[in-house]
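What follows are structure tokens for two forms of the same protein chain, given separately as structure 1 and structure 2.
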Structure 1
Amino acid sequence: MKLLPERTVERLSKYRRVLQRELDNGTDHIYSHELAKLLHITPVQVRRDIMLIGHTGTLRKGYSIDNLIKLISEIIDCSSSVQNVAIVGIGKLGQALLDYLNDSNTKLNLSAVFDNNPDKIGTSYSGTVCYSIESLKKIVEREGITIGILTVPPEFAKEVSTMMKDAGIVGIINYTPVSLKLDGTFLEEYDVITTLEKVAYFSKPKNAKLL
């Protein structure tokens, strides 16, 4: 299958979650306009996304929820090979994200957390043991970790991100305010302050986007 657009992949993740809830409620089919309503987007966008992943619905019946979930899971998690995740830097944000992961029913598996604080190393965080950053490469290789969540203090961001790459991690979410660049890895940056300042800008009456 052709590479999917980023926004489509993001929506697939959300589709799956609400679809799972529908399935748990006993629904077995859903119309594009129903799914759209749950995510506050347009039915066309839903149909297009579903088209892109090669699923096809039944006219007048909608989409089979079960099949859709299976297909999305195949695409995102690639059920054949589980992807393992590590959180690097288990401060407040790291711990918060850890809980988000544990509460979600994502198929991604959190395998380890890392920190350089001796008090933290060896401790268990929501059931996952914390290792020293020194042992990053060893554990990443042993556990087959491919994805890393970077939540260290900014001054360590660059160094640690390089260590993560060298350890074999291929996808990194960078929550530090430091802009990074790592060839050969998929790097997603999320900047808390930037987001807040953007909202501040667009919240001002003169910048409000009218609908």
Structure 2
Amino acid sequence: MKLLPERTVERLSKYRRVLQRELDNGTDHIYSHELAKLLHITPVQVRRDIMLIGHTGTLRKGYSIDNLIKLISEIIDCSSSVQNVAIVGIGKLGQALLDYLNDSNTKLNLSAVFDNNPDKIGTSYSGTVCYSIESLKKIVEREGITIGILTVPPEFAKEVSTMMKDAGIVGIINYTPVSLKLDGTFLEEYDVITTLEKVAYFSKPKNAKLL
């Protein structure tokens, strides 16, 4: 299969979570319009995505939820092996993400966290050891870490992201407000403040009336 578009992979991940909830609730088949309604998108988009991954349903019953979950898992998980993840910067946001990942049902294993605070180094956070940022390359190589979550203060973002790339991390999720450029690394950026301000703008009474 060809490399899928980023937005398609995002939707497949959302489909799987929603489908798993439906399966847990005793539903075994679902129509495209029902899945679309659960995710606030169009049935046409759902059908396009599912056709793109080579799955078909039936007019009488729709899509088999169990089969669709298995197919999506084969595609976006890539293999039966678990991918190892590190959080770099174990402040309040880093700790919140750590707890969230530990509670998530995903083939992603949180292998290590890193910080430069001596009081945090050597401490276990929800069972995950915090290492010195200076040992990043050694631990990444030892643990086979391929994904890094960056939650350091903005002034350190560029320097630390370069260290992550040089250590062998090939996918970085940037939670700092600093826009990064890292050739040869898949980079996803989430600016929490910008997102919050966007929501605040559209939530103003005069703007909400226009929605």
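Under this definition, the rigid core comprises the largest set of C-alpha atoms superposing within 1.5 Å between the forms. Numbers follow structure 1, counted from its first residue as 1. Source: prediction; values computed, not measured.
**Student:** Of these two, which one is the form predicted in complex with another copy of the chain?
**Tutor:** Comparing the pair, one sees that structure 1 is the form predicted in complex with another copy of the chain and the remaining one is not.
**Student:** Would residue 10 count as moving between structures 1 and 2, using a Cα shift of 2 angstroms or more after superposing the core as the test?
**Tutor:** It does not, since the residue 10 C-alpha is displaced less than 2 Å between structures 1 and 2 after the core fit.
**Student:** Can a Cα shift of no less than 2 Å be assigned to residue 21 between structures 1 and 2, given superposition on the rigid core?
**Tutor:** Residue 21: C-alpha displaced by less than 2 Å between structures 1 and 2.
**Student:** Taking the rigid core as the frame, how far in Å does the Cα of residue 201 move between structures 1 and 2?
**Tutor:** Displacement of the C-alpha, rigid core superposed: 4.2 Å.
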